[in-house]
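Take a look at this single chain, the form predicted on its own, given in C-alpha coordinates.
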Amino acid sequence: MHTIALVGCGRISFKHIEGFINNADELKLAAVCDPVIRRAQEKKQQYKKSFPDATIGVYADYREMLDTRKPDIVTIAAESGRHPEIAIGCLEAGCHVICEKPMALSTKDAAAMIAVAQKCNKKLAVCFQNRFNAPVQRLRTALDAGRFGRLLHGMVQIRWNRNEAYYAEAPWRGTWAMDGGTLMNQCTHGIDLLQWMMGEDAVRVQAQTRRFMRPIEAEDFGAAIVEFKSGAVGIIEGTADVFPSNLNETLSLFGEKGTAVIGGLAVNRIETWRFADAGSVGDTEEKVLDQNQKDPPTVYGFGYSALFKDFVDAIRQNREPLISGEKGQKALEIILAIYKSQKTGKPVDLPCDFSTLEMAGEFK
(Lines give C-alpha, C1' and ligand atoms only; values in the text may rest on other atoms or scores of the structure.)
Protein backbone atom coordinates (compact mmCIF):
# COMPACT_ATOMS: atom_id res chain seq x y z
CA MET A 1 0.00 0.00 0.00
CA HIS A 2 1.32 3.43 -1.01
CA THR A 3 0.34 6.71 0.60
CA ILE A 4 -0.47 9.40 -1.93
CA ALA A 5 -1.03 13.16 -1.79
CA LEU A 6 -2.66 15.63 -4.16
CA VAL A 7 -1.18 19.09 -4.76
CA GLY A 8 -3.58 21.40 -6.57
CA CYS A 9 -7.35 21.04 -6.12
CA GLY A 10 -8.75 22.92 -9.10
CA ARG A 11 -10.70 21.93 -12.20
CA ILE A 12 -9.07 18.57 -12.98
CA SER A 13 -8.41 17.38 -9.42
CA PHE A 14 -11.67 15.44 -9.12
CA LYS A 15 -10.27 12.96 -11.66
CA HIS A 16 -7.23 12.42 -9.44
CA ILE A 17 -9.49 11.65 -6.47
CA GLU A 18 -11.48 9.29 -8.69
CA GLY A 19 -8.23 7.55 -9.63
CA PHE A 20 -7.25 7.16 -5.97
CA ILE A 21 -10.63 5.67 -5.11
CA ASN A 22 -10.53 3.22 -8.00
CA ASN A 23 -7.06 2.05 -6.90
CA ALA A 24 -7.86 1.87 -3.19
CA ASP A 25 -6.31 -1.60 -2.93
CA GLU A 26 -2.91 0.00 -3.58
CA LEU A 27 -3.30 3.73 -2.85
CA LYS A 28 -4.32 5.49 0.36
CA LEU A 29 -4.92 9.23 0.28
CA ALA A 30 -2.87 10.92 3.01
CA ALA A 31 -3.13 14.62 2.17
CA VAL A 32 -4.64 17.25 -0.09
CA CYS A 33 -3.03 20.62 -0.70
CA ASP A 34 -4.13 23.90 -2.25
CA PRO A 35 -3.52 27.56 -1.36
CA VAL A 36 -7.32 27.89 -1.33
CA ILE A 37 -8.12 25.69 1.64
CA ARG A 38 -11.80 25.42 0.71
CA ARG A 39 -10.89 23.59 -2.48
CA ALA A 40 -8.64 21.16 -0.61
CA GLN A 41 -11.45 20.48 1.86
CA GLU A 42 -13.80 19.71 -1.05
CA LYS A 43 -11.40 17.08 -2.41
CA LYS A 44 -11.06 15.57 1.04
CA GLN A 45 -14.83 15.23 1.27
CA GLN A 46 -15.03 13.72 -2.22
CA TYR A 47 -12.66 10.97 -1.09
CA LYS A 48 -14.36 10.48 2.28
CA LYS A 49 -17.67 9.70 0.58
CA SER A 50 -16.06 6.38 -0.36
CA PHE A 51 -13.86 6.02 2.73
CA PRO A 52 -15.54 7.81 5.67
CA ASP A 53 -12.89 6.70 8.18
CA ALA A 54 -9.94 8.01 6.18
CA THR A 55 -7.58 10.43 7.95
CA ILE A 56 -6.54 13.06 5.43
CA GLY A 57 -4.36 16.10 6.11
CA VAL A 58 -5.34 19.42 4.56
CA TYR A 59 -2.59 21.92 3.69
CA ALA A 60 -2.16 25.27 2.00
CA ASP A 61 1.59 24.77 1.40
CA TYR A 62 2.92 21.61 -0.27
CA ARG A 63 6.26 21.99 1.52
CA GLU A 64 4.57 21.73 4.91
CA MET A 65 2.69 18.70 3.63
CA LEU A 66 5.94 17.04 2.54
CA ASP A 67 7.54 17.69 5.93
CA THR A 68 4.66 16.35 8.00
CA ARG A 69 2.99 13.63 5.91
CA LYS A 70 5.92 12.28 3.85
CA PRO A 71 3.76 10.55 1.17
CA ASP A 72 5.16 7.87 -1.11
CA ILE A 73 3.57 9.44 -4.21
CA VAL A 74 2.43 12.96 -5.06
CA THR A 75 0.12 13.86 -7.93
CA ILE A 76 0.38 17.46 -9.13
CA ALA A 77 -2.65 19.28 -10.52
CA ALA A 78 -1.58 22.86 -9.80
CA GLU A 79 -1.13 25.64 -12.35
CA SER A 80 1.06 24.50 -15.25
CA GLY A 81 3.72 27.10 -14.57
CA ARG A 82 4.25 25.72 -11.05
CA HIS A 83 4.72 22.09 -12.12
CA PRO A 84 8.54 22.09 -12.28
CA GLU A 85 9.05 23.72 -8.87
CA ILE A 86 6.55 21.43 -7.13
CA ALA A 87 7.68 18.28 -8.91
CA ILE A 88 11.36 18.87 -8.14
CA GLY A 89 10.54 19.65 -4.50
CA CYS A 90 8.55 16.42 -4.16
CA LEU A 91 11.18 14.30 -5.90
CA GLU A 92 13.94 15.71 -3.69
CA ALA A 93 11.77 14.97 -0.65
CA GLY A 94 11.76 11.30 -1.67
CA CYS A 95 8.36 11.07 -3.41
CA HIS A 96 7.46 9.54 -6.72
CA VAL A 97 5.57 12.07 -8.87
CA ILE A 98 2.66 12.00 -11.29
CA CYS A 99 2.40 15.42 -12.95
CA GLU A 100 -0.47 16.87 -14.89
CA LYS A 101 0.12 17.94 -18.45
CA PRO A 102 2.00 19.90 -19.57
CA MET A 103 4.85 18.81 -17.34
CA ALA A 104 6.52 22.21 -17.83
CA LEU A 105 6.45 25.27 -20.07
CA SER A 106 10.04 25.08 -21.26
CA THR A 107 12.38 22.37 -22.49
CA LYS A 108 14.88 23.43 -19.83
CA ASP A 109 12.44 22.89 -16.96
CA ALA A 110 11.25 19.54 -18.34
CA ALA A 111 14.85 18.34 -18.61
CA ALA A 112 15.51 19.46 -15.03
CA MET A 113 12.52 17.46 -13.75
CA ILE A 114 13.73 14.34 -15.55
CA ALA A 115 17.28 14.79 -14.27
CA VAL A 116 16.15 15.17 -10.65
CA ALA A 117 13.93 12.07 -10.90
CA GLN A 118 16.91 10.09 -12.16
CA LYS A 119 19.23 11.50 -9.50
CA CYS A 120 16.76 10.69 -6.71
CA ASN A 121 15.89 7.28 -8.19
CA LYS A 122 12.19 8.16 -8.22
CA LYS A 123 9.49 7.61 -10.83
CA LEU A 124 8.12 10.56 -12.79
CA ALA A 125 5.02 10.28 -14.98
CA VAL A 126 2.90 12.74 -16.98
CA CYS A 127 -0.92 12.64 -17.09
CA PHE A 128 -1.66 11.75 -20.68
CA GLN A 129 -4.55 9.55 -19.60
CA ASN A 130 -6.11 9.26 -23.05
CA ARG A 131 -3.44 6.72 -23.95
CA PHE A 132 -5.47 4.36 -21.77
CA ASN A 133 -8.79 4.89 -23.60
CA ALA A 134 -10.00 1.49 -24.81
CA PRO A 135 -10.19 2.51 -28.53
CA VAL A 136 -6.72 4.09 -28.31
CA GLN A 137 -5.32 0.92 -26.76
CA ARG A 138 -6.93 -1.12 -29.54
CA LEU A 139 -5.38 1.19 -32.12
CA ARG A 140 -1.97 0.83 -30.52
CA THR A 141 -2.29 -2.97 -30.53
CA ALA A 142 -3.08 -2.93 -34.26
CA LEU A 143 -0.13 -0.62 -34.90
CA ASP A 144 2.29 -2.79 -32.92
CA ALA A 145 1.05 -5.87 -34.80
CA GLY A 146 2.07 -4.22 -38.08
CA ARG A 147 -1.47 -4.10 -39.42
CA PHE A 148 -1.02 -0.62 -40.93
CA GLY A 149 2.08 -1.57 -42.84
CA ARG A 150 4.09 1.58 -43.45
CA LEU A 151 2.52 4.64 -41.83
CA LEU A 152 2.05 7.45 -44.32
CA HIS A 153 0.41 10.21 -42.36
CA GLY A 154 -1.67 10.91 -39.30
CA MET A 155 -3.85 13.73 -38.06
CA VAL A 156 -5.24 14.98 -34.78
CA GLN A 157 -8.13 17.44 -34.54
CA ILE A 158 -9.16 19.03 -31.26
CA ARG A 159 -12.29 21.07 -31.85
CA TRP A 160 -13.42 22.33 -28.49
CA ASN A 161 -14.83 25.44 -26.86
CA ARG A 162 -13.38 27.35 -23.94
CA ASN A 163 -15.42 30.50 -23.39
CA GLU A 164 -14.65 33.71 -21.54
CA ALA A 165 -16.07 32.33 -18.31
CA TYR A 166 -13.51 29.52 -18.40
CA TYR A 167 -10.61 31.96 -18.54
CA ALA A 168 -12.17 34.31 -15.97
CA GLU A 169 -12.45 31.38 -13.55
CA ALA A 170 -8.65 31.18 -13.26
CA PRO A 171 -6.68 34.21 -14.50
CA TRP A 172 -3.48 32.17 -14.98
CA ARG A 173 -5.08 30.32 -17.90
CA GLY A 174 -3.97 31.47 -21.31
CA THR A 175 -0.93 33.37 -19.99
CA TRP A 176 2.54 32.71 -21.35
CA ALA A 177 4.04 32.63 -17.87
CA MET A 178 1.72 30.03 -16.35
CA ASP A 179 -0.09 28.16 -19.11
CA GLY A 180 0.40 28.77 -22.81
CA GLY A 181 -2.62 28.61 -25.06
CA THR A 182 -5.00 26.07 -26.54
CA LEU A 183 -2.25 23.87 -27.94
CA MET A 184 -0.47 23.59 -24.61
CA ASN A 185 -3.56 23.24 -22.43
CA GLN A 186 -6.33 21.52 -24.38
CA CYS A 187 -4.55 20.01 -27.40
CA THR A 188 -1.50 18.50 -25.71
CA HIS A 189 -3.33 15.18 -25.16
CA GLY A 190 -4.05 14.77 -28.86
CA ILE A 191 -0.55 15.86 -29.84
CA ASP A 192 0.85 13.25 -27.47
CA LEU A 193 -1.29 10.53 -29.05
CA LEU A 194 -0.27 11.55 -32.57
CA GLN A 195 3.46 11.51 -31.88
CA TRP A 196 3.16 8.26 -29.85
CA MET A 197 1.52 6.51 -32.77
CA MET A 198 3.82 8.02 -35.40
CA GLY A 199 7.05 6.85 -33.80
CA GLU A 200 7.92 9.36 -31.04
CA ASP A 201 10.65 10.76 -33.27
CA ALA A 202 9.47 14.08 -34.69
CA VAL A 203 12.26 15.90 -36.50
CA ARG A 204 10.70 19.12 -37.85
CA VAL A 205 7.68 21.34 -37.22
CA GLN A 206 6.16 24.22 -39.14
CA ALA A 207 3.09 26.00 -37.89
CA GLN A 208 0.68 28.89 -37.77
CA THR A 209 -1.16 29.96 -34.63
CA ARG A 210 -3.72 32.68 -33.98
CA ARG A 211 -5.57 34.40 -31.16
CA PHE A 212 -8.93 34.78 -32.83
CA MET A 213 -11.46 35.34 -30.05
CA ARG A 214 -10.45 34.54 -26.49
CA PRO A 215 -9.35 37.16 -23.90
CA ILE A 216 -5.91 35.61 -23.35
CA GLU A 217 -2.25 36.33 -24.10
CA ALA A 218 -1.65 33.06 -25.97
CA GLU A 219 -3.23 31.32 -28.95
CA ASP A 220 -6.76 29.94 -29.19
CA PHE A 221 -6.09 28.23 -32.53
CA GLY A 222 -3.13 26.39 -34.01
CA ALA A 223 -2.30 24.33 -37.08
CA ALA A 224 0.96 22.51 -37.70
CA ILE A 225 2.72 20.00 -39.91
CA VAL A 226 5.07 17.61 -38.12
CA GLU A 227 7.67 15.55 -39.98
CA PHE A 228 8.81 12.26 -38.43
CA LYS A 229 12.08 10.40 -38.88
CA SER A 230 10.42 7.80 -41.10
CA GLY A 231 9.26 10.48 -43.52
CA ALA A 232 5.65 10.18 -42.34
CA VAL A 233 3.76 13.41 -41.83
CA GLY A 234 1.54 14.46 -38.93
CA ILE A 235 -1.07 17.20 -39.12
CA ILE A 236 -2.34 19.08 -36.05
CA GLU A 237 -5.48 21.22 -35.86
CA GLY A 238 -6.54 22.61 -32.51
CA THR A 239 -9.01 25.26 -31.44
CA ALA A 240 -10.93 26.52 -28.42
CA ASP A 241 -13.28 28.57 -30.62
CA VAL A 242 -15.84 26.00 -31.80
CA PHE A 243 -19.42 27.30 -31.62
CA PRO A 244 -21.26 26.71 -29.38
CA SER A 245 -19.58 23.91 -27.39
CA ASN A 246 -17.08 21.05 -27.58
CA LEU A 247 -17.38 19.15 -30.88
CA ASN A 248 -14.82 16.36 -31.06
CA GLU A 249 -11.26 15.16 -30.61
CA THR A 250 -10.20 12.86 -33.43
CA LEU A 251 -7.05 10.87 -34.13
CA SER A 252 -6.61 9.45 -37.65
CA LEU A 253 -3.90 7.09 -38.90
CA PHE A 254 -3.32 6.24 -42.55
CA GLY A 255 -1.01 3.41 -43.60
CA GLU A 256 -0.39 1.40 -46.73
CA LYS A 257 -2.55 -1.45 -45.38
CA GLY A 258 -4.84 0.20 -42.87
CA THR A 259 -6.96 3.24 -42.03
CA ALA A 260 -8.35 4.02 -38.60
CA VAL A 261 -10.13 7.01 -37.09
CA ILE A 262 -10.74 7.35 -33.35
CA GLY A 263 -13.18 10.17 -32.62
CA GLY A 264 -16.00 11.06 -30.29
CA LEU A 265 -15.85 13.81 -27.71
CA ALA A 266 -12.35 12.82 -26.57
CA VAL A 267 -10.85 10.06 -28.75
CA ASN A 268 -13.24 7.55 -27.22
CA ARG A 269 -15.10 6.08 -30.22
CA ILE A 270 -13.87 4.10 -33.22
CA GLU A 271 -15.31 5.77 -36.31
CA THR A 272 -13.33 4.01 -39.06
CA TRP A 273 -11.54 0.65 -38.89
CA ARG A 274 -10.33 -0.73 -42.23
CA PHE A 275 -7.46 -3.18 -42.62
CA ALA A 276 -6.25 -5.40 -45.42
CA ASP A 277 -6.13 -8.37 -43.02
CA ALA A 278 -9.57 -7.79 -41.49
CA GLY A 279 -11.03 -10.97 -42.97
CA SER A 280 -8.26 -13.22 -41.74
CA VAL A 281 -8.34 -11.92 -38.17
CA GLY A 282 -12.11 -11.45 -37.97
CA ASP A 283 -11.66 -7.79 -37.06
CA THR A 284 -14.13 -6.27 -39.53
CA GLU A 285 -15.20 -2.66 -39.41
CA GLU A 286 -18.84 -3.60 -38.81
CA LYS A 287 -17.89 -5.79 -35.83
CA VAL A 288 -15.65 -3.14 -34.27
CA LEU A 289 -18.09 -0.26 -34.71
CA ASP A 290 -20.84 -2.33 -33.13
CA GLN A 291 -18.82 -2.36 -29.89
CA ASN A 292 -18.63 1.44 -29.53
CA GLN A 293 -19.69 3.06 -26.29
CA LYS A 294 -21.23 6.45 -25.57
CA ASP A 295 -19.16 9.58 -25.05
CA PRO A 296 -17.85 10.11 -21.50
CA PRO A 297 -19.55 12.79 -19.36
CA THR A 298 -16.50 15.07 -19.68
CA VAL A 299 -13.56 15.43 -22.07
CA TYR A 300 -11.31 13.98 -19.36
CA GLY A 301 -12.52 10.44 -20.05
CA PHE A 302 -11.85 7.43 -17.87
CA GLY A 303 -8.09 6.97 -18.20
CA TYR A 304 -6.85 8.29 -14.86
CA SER A 305 -7.52 5.10 -12.92
CA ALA A 306 -5.57 3.03 -15.45
CA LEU A 307 -2.74 5.58 -15.53
CA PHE A 308 -2.40 5.49 -11.73
CA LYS A 309 -2.51 1.67 -11.79
CA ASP A 310 0.29 1.62 -14.37
CA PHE A 311 2.33 3.96 -12.17
CA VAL A 312 1.95 1.76 -9.09
CA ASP A 313 2.88 -1.27 -11.18
CA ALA A 314 5.95 0.58 -12.45
CA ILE A 315 7.11 1.19 -8.87
CA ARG A 316 6.55 -2.44 -7.89
CA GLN A 317 8.17 -3.83 -11.04
CA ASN A 318 10.96 -1.23 -11.06
CA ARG A 319 10.23 -0.17 -14.62
CA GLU A 320 9.34 3.10 -16.29
CA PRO A 321 5.64 4.08 -16.36
CA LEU A 322 3.98 4.17 -19.79
CA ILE A 323 4.21 7.96 -19.89
CA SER A 324 7.51 8.64 -18.13
CA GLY A 325 9.02 12.10 -17.89
CA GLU A 326 11.03 11.44 -21.05
CA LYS A 327 7.91 10.32 -22.92
CA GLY A 328 5.83 13.21 -21.62
CA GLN A 329 8.47 15.69 -22.74
CA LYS A 330 8.00 14.75 -26.41
CA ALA A 331 4.57 16.35 -26.81
CA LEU A 332 5.79 19.41 -24.91
CA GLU A 333 8.72 19.82 -27.27
CA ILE A 334 6.46 19.64 -30.34
CA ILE A 335 4.22 22.37 -28.92
CA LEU A 336 7.18 24.57 -28.05
CA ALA A 337 8.48 24.03 -31.59
CA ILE A 338 5.07 25.14 -32.90
CA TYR A 339 5.38 28.31 -30.84
CA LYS A 340 8.92 28.90 -32.07
CA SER A 341 7.77 28.40 -35.68
CA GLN A 342 5.03 30.99 -35.15
CA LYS A 343 7.53 33.43 -33.65
CA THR A 344 10.20 32.98 -36.33
CA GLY A 345 7.99 32.26 -39.34
CA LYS A 346 10.24 29.30 -40.17
CA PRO A 347 10.25 25.51 -39.80
CA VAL A 348 11.87 24.36 -36.55
CA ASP A 349 14.12 21.32 -36.24
CA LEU A 350 13.87 19.04 -33.21
CA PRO A 351 15.20 18.86 -30.61
CA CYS A 352 14.85 22.55 -29.86
CA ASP A 353 15.30 24.74 -26.81
CA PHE A 354 12.36 27.07 -26.15
CA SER A 355 10.04 28.47 -23.51
CA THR A 356 6.55 29.94 -23.55
CA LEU A 357 8.09 33.06 -22.00
CA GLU A 358 9.76 33.76 -25.34
CA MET A 359 6.28 34.24 -26.85
CA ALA A 360 5.43 37.26 -24.68
CA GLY A 361 3.84 39.96 -26.83
CA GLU A 362 3.36 37.72 -29.87
CA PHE A 363 -0.32 38.57 -30.24
CA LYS A 364 -0.87 42.30 -29.87
Ligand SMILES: NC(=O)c1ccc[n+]([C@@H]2O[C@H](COP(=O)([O-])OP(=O)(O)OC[C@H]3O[C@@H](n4cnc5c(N)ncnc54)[C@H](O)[C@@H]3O)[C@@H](O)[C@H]2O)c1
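Every value quoted in this text rests on a predicted model; they were computed, and no experiment measured them. All residue numbers refer to positions in the sequence shown, first residue = 1.
As for the form predicted in complex with the ligand, it is not shown, yet the points below apply to it.
Colleague: Would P35 sit within 4.5 Å of the ligand in the model of the complex, counting heavy atoms only?
Modeller: Yes, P35 sits close enough to the ligand in the model of the complex that at least one of its heavy atoms falls within 4.5 Å.
Colleague: So, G10 and the ligand: in the model of the complex, are they within 4.5 Å at any heavy atom pair?
Modeller: So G10 counts as contacting the ligand.
Colleague: Is there a heavy atom of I86 no more than 4.5 Å from a heavy atom of the ligand in the model of the complex?
Modeller: Yes, contact at 4.5 Å.
Colleague: Would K123 count as a contact of the ligand in the model of the complex, using a 4.5 angstroms cut-off between non-hydrogen atoms?
Modeller: Outside the cut-off, so no.
Colleague: Which single stretch, out of 252-260, 182-190, 216-224, 133-141, brings residue heavy atoms within 4.5 Å of the ligand in the model of the complex?
Modeller: The contacting stretch here is 182-190.
Colleague: Among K28, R39, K309, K327, which has any heavy atom within 4.5 Å of the ligand in the model of the complex?
Modeller: Result of the distance check: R39.
Colleague: Please pick, from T239, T175, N268, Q129, the one residue with any non-hydrogen atom lying within 4.5 angstroms of the ligand in the model of the complex.
Modeller: Comparing distances to the ligand in the model of the complex, the residue within 4.5 Å is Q129.
Colleague: With the distance limit set at 4.5 angstroms and only heavy atoms considered, check whether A77, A170 and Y300 all reach the ligand in the model of the complex.
Modeller: Yes, the whole trio is in contact, each within 4.5 Å by some heavy atom.
Colleague: Are there residues in 84-106 with a heavy atom within 4.5 Å of the ligand in the model of the complex, and which are they, in order?
Modeller: Sequence-ordered list: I86, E100, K101, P102.
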